[in-house]
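Given next, in structure tokens, is a single chain: the form predicted alone.
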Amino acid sequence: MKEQAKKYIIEAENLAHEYARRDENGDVTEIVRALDGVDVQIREGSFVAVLGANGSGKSTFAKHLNRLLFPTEGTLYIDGMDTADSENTLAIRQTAGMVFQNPDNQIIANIVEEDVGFGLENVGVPTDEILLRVEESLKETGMYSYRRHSPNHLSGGQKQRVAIAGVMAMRPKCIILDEATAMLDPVGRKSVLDTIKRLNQKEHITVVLITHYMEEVTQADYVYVMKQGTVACSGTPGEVFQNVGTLKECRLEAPQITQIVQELCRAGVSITNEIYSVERLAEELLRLKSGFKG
């Protein structure tokens, strides 16, 4: 399917959300506008990152995608379904699966394969189909060999992959990861990111990654940067990283490797700015040194 023929699976127009702060008597003391006129369009099958510092509104936006929250103003459509309509709640949650920051909040069974199949049992999927989906999901996330283990004996990264497998088994069109790597070490973060990137490329599942880690967005097709409930800028990772001033205003910095590449460009080195890893930079510098022009 050509890119221009793909439909938008997520469409937000002038999306706003307000929280009411109350005192000890329950009286409203302040109205906080956590989202303020957000416009986002995400194509089916794409990998999109929503980036922002704490308090930027990115997690509030994520909760709207799974209808844990619904708009105060504006509209949000998930696969053509209006999130303002409560009758769409179940269908939206079957379409857009959510993986949260702490996997312990999503893992409830004592055996990995039972946990992955739990959601399927709740919606009445036949047993044979449950067994098939659990097996496929665990293999896709690299956790099949742990299928009979207790989740309590797994690492943080492994638990998160089990949580992803549980969402995958429901066969959603879209997976939303709300700071899903925030509690993991670098090895665990890489493992989870590799898993979701593989799911996006192989299974064509739309991925929405909510994060404050700049390095994580380098694999995305498109990035939205949020600040105080609004979209401060958007574009490909390379385009976003060029907006140094805007990123600083959002309390963010481009990845260190990107800053090095930018300094090399300013120094007159003929090098592409679409470089996000040390390995890729080393290859480019060796190419320049050898005079290879391919």
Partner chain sequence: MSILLRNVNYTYGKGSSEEKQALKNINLEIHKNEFTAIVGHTGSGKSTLIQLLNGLEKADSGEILFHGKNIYDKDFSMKMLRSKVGLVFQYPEHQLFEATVVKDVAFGPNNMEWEPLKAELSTFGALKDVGIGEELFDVSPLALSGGQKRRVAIAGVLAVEPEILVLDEPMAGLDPAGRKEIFDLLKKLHSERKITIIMVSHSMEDVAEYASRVIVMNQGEVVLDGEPRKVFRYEKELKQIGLGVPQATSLMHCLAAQGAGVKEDCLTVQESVSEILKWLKRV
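Owing to the predicted nature of the structure, the values given are computational and were not obtained by experimental measurement. Just so we're on the same page, rigid core means the largest C-alpha set that superposes within 1.5 Å between forms. Residue numbers count along the first chain shown, from 1.
There is another form of this protein, the form predicted together with the partner chain, and it is not shown here; the text below is about that form.
Proximity to the partner chain in the model of the complex, defined as a heavy atom within 4.5 Å, singles out one entry of A49, V38, A34, L252, which is L252.
The listed set D194, E73, D185, E87 contains one residue whose heavy atoms approach the partner chain in the model of the complex to within 4.5 Å, identified as D185.
The stretch in contact with the partner chain in the model of the complex, judged by heavy atoms within 4.5 Å, is 186-194, chosen from 75-83, 220-228, 186-194, 199-207. Shown alone here, D27 lies farther than 4.5 Å from the partner chain in the model of the complex, counting heavy atoms only.
Mapping the unseen interface onto this chain, E279 counts among the residues with a heavy atom inside 4.5 Å of the partner chain in the model of the complex. The shortest heavy atom separation between K7 and the partner chain in the model of the complex exceeds 4.5 Å.
Residue contact with the partner chain in the model of the complex: A16 places no heavy atom within 4.5 Å of it. Along 150-165, a single residue, H153, places a heavy atom within 4.5 Å of the partner chain in the model of the complex. Taking 2 Å as the criterion, E284 counts as shifted between this form and the one not shown: its C-alpha moves by at least this amount when the rigid core is aligned.
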